[in-house]
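Consider the single chain below, provided in structure tokens and representing the form predicted on its own.
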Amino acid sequence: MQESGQSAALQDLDLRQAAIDSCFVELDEEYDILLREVCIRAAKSRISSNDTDDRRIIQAVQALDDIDRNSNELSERLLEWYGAYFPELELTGEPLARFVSTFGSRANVPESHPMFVKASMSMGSELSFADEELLRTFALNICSLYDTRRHIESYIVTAMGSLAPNLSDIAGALLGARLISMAGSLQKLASFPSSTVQVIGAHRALFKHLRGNTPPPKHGIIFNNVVIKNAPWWQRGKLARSFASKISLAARTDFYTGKRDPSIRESMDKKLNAIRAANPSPPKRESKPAGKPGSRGKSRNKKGGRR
């Protein structure tokens, strides 16, 4: 009751008049200038406090997605473009970009290179000097995208090791960073139950399950971890449930303590090994009971009246 009375008294207090009476300011104009400076400093402090470590990791993960999308599209364009001059070259993606940026025309391939025979006997059209320089520049830009991607990946691994060491130990740095990105922050990921962590990234399958009679998804993006990806199909549901519970525990430990706890990984390994040992072979499918002979036609509903 006393605290509520004090808060009500502070709300009814006229700060402008109190500042003038206490000789903190002399005029109303001075109070307006001071109030403006205080509001600007408070806004700057609030904006700077939002730039946290997990926010920077989220930006890095989103940058990886942008680079993957753009590099794939540009690599497909380079394959189609350079394929007119060297159709026998069986390279795609980064190896193709490295080859084009290094040699350009197939006439520049040395005899020691494995592609020399194909280059010398190629049925592609001739490549002019202007086209060669353009293709080399285009391929160099694609190679710079791949180099930038590796640099961002190393940054994510380093940042996750200091921000979320337990999550990086359980799920891996890249998968843990993607979970934080999908959740919105490490705090939100720590507040999720393990059942939500299990299906993060499977929103389409979840919505189909909610709308129709499709089975619920057993796992979301955590499928990319080798624990679930390399497991047999009949073990993936149980492994995903246990794996998600340990991810949730690791995220909470990282958010509230920030210290690495090796016991989380040890308990997870024991639980996963127990699941694998308890389910060594696929379950037997239950056979449906056969109906009585002659009951096939009787079970159908008759439509229409008597003719």
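Counting begins at 1, following the sequence as shown. These numbers were taken from a predicted model, which means no experiment stands behind them.
Keep in mind the form predicted together with a further copy of the same chain is missing from the figure; the text below concerns it.
The single contact residue among 27, 47, 38, 277, judged by any heavy atom lying within 4.5 Å of a further copy of the same chain in the predicted complex, is 47. The listed set 115, 200, 145, 231 contains one residue whose heavy atoms approach a further copy of the same chain in the predicted complex to within 4.5 Å, identified as 145. In the predicted complex, a further copy of the same chain sits beyond 4.5 Å of every heavy atom of residue 184. Among heavy atoms of residue 196, none comes within 4.5 Å of a further copy of the same chain in the predicted complex. Remark: residue 210 does not count among the residues lining a further copy of the same chain in the predicted complex, judged by a heavy atom distance of 4.5 Å or less. Within this chain, residue 56 lines the site of a further copy of the same chain in the predicted complex, having a heavy atom no more than 4.5 Å away. Segments offered: 131 to 139, 171 to 179, 221 to 229, 107 to 115. Contacting a further copy of the same chain in the predicted complex at heavy atom distances within 4.5 Å is 131 to 139.
Residues of 70 to 84 that come within 4.5 Å of a further copy of the same chain in the predicted complex, judged by any heavy atom, are 70, 73, 74, 77, 80, 81, 84 in sequence order.
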